[in-house]
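Encoded as structure tokens, the following chain is the form predicted on its own, with no partner shown.
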């Protein structure tokens, strides 16, 4: 006796084939219409906020290649962004880890509800990373940074790498998910130094 094909399996195949067919027949993405739609969604935005809708060379390339640029483009992104990193005038890359802890826990800044600004912008680090053991709420989009400095023996080279990654992650990973906190003007150099201290200082709860 012939076995009938399960109805559920047939339904799934039909859905997949139908979706593939629809995708194949769908028109090409109209970049101009998308751009117009984005701009029209910000009618009441402060004038200076509208600058955030303009992509620089790196963001345009990441959008063009859907965050997976070819090697030549990726190398160009890293070289360009690394050359643009600004370092502290005093040469010190670590500040106050206690201030860094507050910054890491704060998600304030760059939202409509934060305008006009009432306090300093935060790093919102816990949205993506695990850091101190005492903090039970954290995201997992980024890797855990628990004992980050301790594992690396608090090496100066790693302190510099952390500073650069916070200032501009695209200088290390082209089209990284992490925001360009320094290059984008969201955090000041002093704030970045405090975050570096929170991650890399032997006294920070991150490394206890």
Ligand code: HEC
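This structure is a prediction, so every number in the text was calculated from the model and none was measured. Residue numbers count along the first chain shown, from 1.
Another form, the form predicted together with the ligand, is not on view; read the next lines as being about it.
In the model of the complex, the residue from 183, 146, 61, 166 that sits within 4.5 Å of the ligand by heavy atoms: Looking at 183, 146, 61, 166 one by one, just 166 meets the 4.5 Å heavy-atom criterion.
Contact residue in the model of the complex, chosen from 53, 36, 151, 173 - any heavy atom within 4.5 Å of the ligand: Checking each option against the ligand in the model of the complex, the one that comes within 4.5 Å is 173.
Heavy atom of each of 73, 76 and 79 within 4.5 Å of the ligand in the model of the complex: The answer is no; none of 73, 76 and 79 reaches the ligand.
In the model of the complex, residue 124 touching the ligand (heavy atom, 4.5 Å): Within the cut-off, so yes.
Contact flag, residue 159 vs the ligand in the model of the complex, heavy atom cut 4.5 Å: Residue 159: no, not in contact with the ligand in the model of the complex.
Proximity of residue 46 to the ligand in the model of the complex, heavy atoms at 4.5 Å: Although the ligand is absent here, residue 46 would stay clear of it in the model of the complex, with no heavy atoms inside 4.5 Å.
Distance check, residue 85 to the ligand in the model of the complex, heavy atom within 4.5 Å: Contact with the ligand, no.
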